[in-house]
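A lone chain, given as structure tokens: the form predicted on its own.
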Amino acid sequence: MSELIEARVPDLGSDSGIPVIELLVQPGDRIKKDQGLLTLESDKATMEVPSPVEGEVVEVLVKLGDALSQGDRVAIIRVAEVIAEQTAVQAPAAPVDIAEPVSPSPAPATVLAPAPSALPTPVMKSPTHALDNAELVPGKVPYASPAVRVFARELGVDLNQVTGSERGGRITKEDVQRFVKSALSGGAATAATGTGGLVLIPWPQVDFSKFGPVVSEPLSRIKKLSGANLARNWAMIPHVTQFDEADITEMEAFRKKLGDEHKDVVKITPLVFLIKASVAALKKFPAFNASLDGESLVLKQYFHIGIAVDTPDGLVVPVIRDADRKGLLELSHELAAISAKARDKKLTGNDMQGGCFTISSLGGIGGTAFTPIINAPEVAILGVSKAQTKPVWNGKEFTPKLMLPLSLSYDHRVIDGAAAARFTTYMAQVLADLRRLLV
């Protein structure tokens, strides 16, 4: 006589519909109690469904990709004690009809009606079911751990496009990193969304009115355009931000003096000094005055500086051309004119093209530092926050200095950290002593 039991999915908490990602046994395997029969994987965790008894696997009732919940049947197992008894009496072989005796009871282990059975040759354990990438969860769930799934979601990577390097095509964190590097260099297949293989999950749909009163306002055309550009740039460019401070005590004194002399003609702001310092730094470090073109770096011989301008309808970036050929007064006139043009919505496409390097200044508002997003196809952008008077040690004593926070975001494919630190250090030196502009 043989005693068959059903192995069922144990308590999964609140989870249900969890896919099978690996079969650990097959019919004929001898197994021990609590040995894993198959592996389930949700977004939260990976778990094995254990065998409730020691015995022999008669039938596996699920296949790869099946979605299981608590109480679902996964396998039929012949109990070990019955197998041993049959061995002693040399019971005659007969086929086992599984369909008739199996009970739909929700209990984790259900005793089935006895039936005669053939005695297989005892073995300790068969090898794990061989897997390959094509067979594994076809069209449903990529073969990866929850930690790798979270990592991929953070980077916006569609795991269906990643090839796993471990057994059975299992995807590792290193596989995701290689895919991202390939996508950033143009090696990955471009998705339909145009993000170079980085496919984002759908945006959450929420009825906010369920939680309280709301008012819906359409985005301005500028915000729609700039938002799409910013999202693309942030997703496609590996941003790193270098923070620094510049002593602008003497520069500010000179600016005020110059401003008093020309107050009836034009307003001189700190931004024109930042434009001149940026040009000097771009000349000294040409890689910052460049753009990526496939596998080539285009080094520009001109110096057009973009200025981020805040308007009621959103952010725009007009360009001041040939900033290296213009003095502080001419730059002040042009800056005032183009800023007014931006606020009056009179900028043309030509006014916002050809930039080499962008400056985004929040100094008139406040803040201590931020991470500006690079304005592609440029490779760097300078963020400026509000200057503050701080005590600075001069070797003998603390003296009050007006310190300007600098935030330089750069494309790490083109610029490394050491170069960025040298760039901001040099800019700080120029701003601290404007005589360096004459060198």
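Just so you know, these numbers come straight off a predicted model, no measurement behind them. Sequential numbering from 1, following the sequence displayed.
Absent from the display: the form predicted in complex with a small molecule. The rest refers to it.
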Assert contact_stretch over 294-302, 237-245, 70-78, 266-274 against the small molecule in the predicted bound form, heavy atom within 4.5 Å, equals 266-274
Selected contact from Arg343, Arg178, His333, Arg170, since only one has a non-hydrogen atom within 4.5 angstroms of the small molecule in the predicted bound form: Arg343
None of Ser339, Ser145, Ser220, Gln161 but one has a heavy atom within 4.5 Å of the small molecule in the predicted bound form; the exception is Ser339
Going by a heavy atom distance of 4.5 Å, is Ser361 a contact of the small molecule in the predicted bound form? yes
With the partner left out here, check for me: in the predicted bound form, does some heavy atom of Asp310 sit within 4.5 Å of the small molecule? yes
Residue-level question: is Ser409 within 4.5 Å of the small molecule in the predicted bound form, judged on heavy atoms? no
If we define contact as a non-hydrogen atom of the residue within 4.5 angstroms of the partner, is Asn375 a contact of the small molecule in the predicted bound form? no
